[in-house]
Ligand SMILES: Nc1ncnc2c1ncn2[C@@H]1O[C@H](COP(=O)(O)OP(=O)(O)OP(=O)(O)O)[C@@H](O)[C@H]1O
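In structure tokens, the next block holds one chain alone, the form predicted alone.
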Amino acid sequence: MFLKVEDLHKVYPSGTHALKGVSFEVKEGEFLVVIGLSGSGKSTLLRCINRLHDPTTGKITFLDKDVTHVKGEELRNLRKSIGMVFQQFNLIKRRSVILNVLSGNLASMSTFNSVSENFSEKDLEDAYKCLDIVGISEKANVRADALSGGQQQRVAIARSLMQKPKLLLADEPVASLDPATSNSIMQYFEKINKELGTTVICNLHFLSLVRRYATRVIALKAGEIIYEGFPEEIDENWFKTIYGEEAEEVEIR
């Protein structure tokens, strides 16, 4: 099994019980989308998987290894295999696009080379390949803060690809973008999934995007899984169950 989450709980110091016994499995090559209202536990789930947050109880198995409580070198090695794309692009705005992408490989570099920015020809070649994948290599020497929001998110995706991740996590990657740009960004995740064979787990709000890109869907509500299945099976009744009786679906084309 590629990824297995078993009875996962996360309780924050504030007392908030963000995840309540979440269990599911992910096969290699899937494009799994997690949906639910804000505060349902979607972001906490992804951050527990890549161990930005420590689970309170439960078990996470990745590539047949228990990674629930790994620390130190084991944790660093885990994060090399798991890329992460955030809603807020987290770029170094005053630096060039290519330097931002190269920063995705810092975990694999020596301290001296990373501090001195002593990048090899292979590093540079890989960085340009990652920019090519998201169609933005012509912006390599432009400052990140000179780009549009959609372009910045493409740089963030390219940065995550520098790790050559086996699993790519995306936490609301289009929430800060306009509808037209949102669809184009999701196409790059689809490309990475289908052409590179990278397994993707993505948090999304808009069901029109979910139906277009997901191979399978999990819905969270108040920290619990209330739906697991195929996107086309989410009818109006399920939509109301997941988002509430007053919710109305917004479509992105």
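Residue indices: 1-based, along the sequence shown. Computed from a prediction, not measured in an experiment: that's the story for all the values here.
Keep in mind that the form predicted together with this ligand is not shown, yet the notes after this line are about it.
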Of the residues Asn50, Thr68, Thr199, Thr44, which one places a heavy atom within 4.5 Å of this ligand in the model of the complex? Thr44
When this ligand is placed as it is in the model of the complex, which of 59-67, 190-198, 36-44, 207-215 ends up with heavy atoms within 4.5 Å of it? 36-44
Verify the contact flag for Asp126: yes if a non-hydrogen atom of it lies within 4.5 Å of a non-hydrogen atom of this ligand in the model of the complex, no if not. no
So, Tyr12 and this ligand: in the model of the complex, are they within 4.5 Å at any heavy atom pair? yes
Any chance Thr241 has a heavy atom within 4.5 Å of this ligand in the model of the complex? no
Do Ala18 and this ligand share at least one heavy atom pair within 4.5 Å in the model of the complex? yes
